[in-house]
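A lone chain, given as structure tokens: the form predicted alone.
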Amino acid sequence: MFPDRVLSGMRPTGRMHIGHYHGALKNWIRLQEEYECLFFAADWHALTTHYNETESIAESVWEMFVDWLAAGIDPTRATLFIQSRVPEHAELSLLLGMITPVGWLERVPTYKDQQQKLADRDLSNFGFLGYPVMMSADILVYRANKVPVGEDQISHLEVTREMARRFNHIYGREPGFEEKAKAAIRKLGSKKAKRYEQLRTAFQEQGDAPALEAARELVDDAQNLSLGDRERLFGYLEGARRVILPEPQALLTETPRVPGLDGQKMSKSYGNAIMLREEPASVAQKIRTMQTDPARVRRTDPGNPERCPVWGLHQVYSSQDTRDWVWHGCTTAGIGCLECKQPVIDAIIKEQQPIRERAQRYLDDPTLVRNIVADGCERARKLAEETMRDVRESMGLRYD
């Protein structure tokens, strides 16, 4: 079985806001303590919708990396890299595109949704249609088997799983596969070989999922198997094909909704964001001038927190005791809107202080970030090259 490996990335939009922090970065920081992680700047993906606005991509990439590092991403635990610096992404995207039915791409939920939301842009290009292919290549080129996603993104990952399944079905038909798989079974030793066969039969004849998992663990624990033999035995469990590209699993993550200053989803394009390294005075000013419940025209008018964007920030930043105080004070007109906002201001400033402090060393010496990312690109490319050697060989494209 392939080692546990997590992959995730973001389009380079420049500096991060607190929505990015609570929606993704905090989860990445947790995952880097548990798994081998790769996090990348998806600069090629930015071209699928903004191909004519490339002037700021490079600057946005470096600003984004500074925020990642300042937030707590540890380059000794996670690999940070730039998508376009690992050309194997493009090679695998091209090869996957050869076997991907157009219908799969047209039915991806975001395809028509984005066309409607971005109606002011010309999205009738191959890059936009083929976005799911490139996304799948990003994951599969590292044989990443865990991808952190929210529930609304599961359908995207299913496309990747389908592509891996289709690739293995077409190209995992290794000549003499069954004979090689049986030879690999004998290498397990008589006792484990018998157990493997029993578990394989239980899965194939009865659909016994625990038996499949037990067989995978048995193979994974075997010390004397080559990587090729492991892949054959994994493939032989489910049929008669070698597993070249493993199907990634979703790491479902809760992503709290961080409302913007106007109550909409926080976004720089909406002009409603609080940046991750915002100056304290600016944070205070933005929140103090936030829109509140329109029913509270006067200080003595009771309000409804559920109609107030500030209440959404309390859900992210305040303790239950503070939320109870806010709810009672707002609905009874016991507190004013400025009083309600102060705990949020204090909490955001407190959260951001260590982030701004960590960022300063990278701002003072930009070569630190460049070196971290250069090392990350080198590590990522080595992993990608290993995958592509197997992909080319399985497709008959090796000429050495």
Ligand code: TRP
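Each residue number is its position in the shown sequence, starting from 1. From a predicted model like this one, the values you see are computed outputs, not experimental measurements.
What comes next is about the form predicted in complex with ligand TRP, which is not displayed.
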If we take heavy atoms and a 4.5 Å cut-off, which stretch out of 132-140, 191-199, 207-215, 99-107 is in contact with ligand TRP in the predicted complex?
-> 132-140
Just one of Gln153, Ser267, Gln249, Thr253 has a heavy atom within 4.5 Å of ligand TRP in the predicted complex. Which one?
-> Gln153
In the predicted complex, the one of Val147, Ile82, Ala273, Ala184 near ligand TRP [non-hydrogen atom within 4.5 angstroms] | Val147
At 4.5 angstroms, heavy atoms only, are Gly9, Phe40 and His45 all close to ligand TRP in the predicted complex?
-> yes
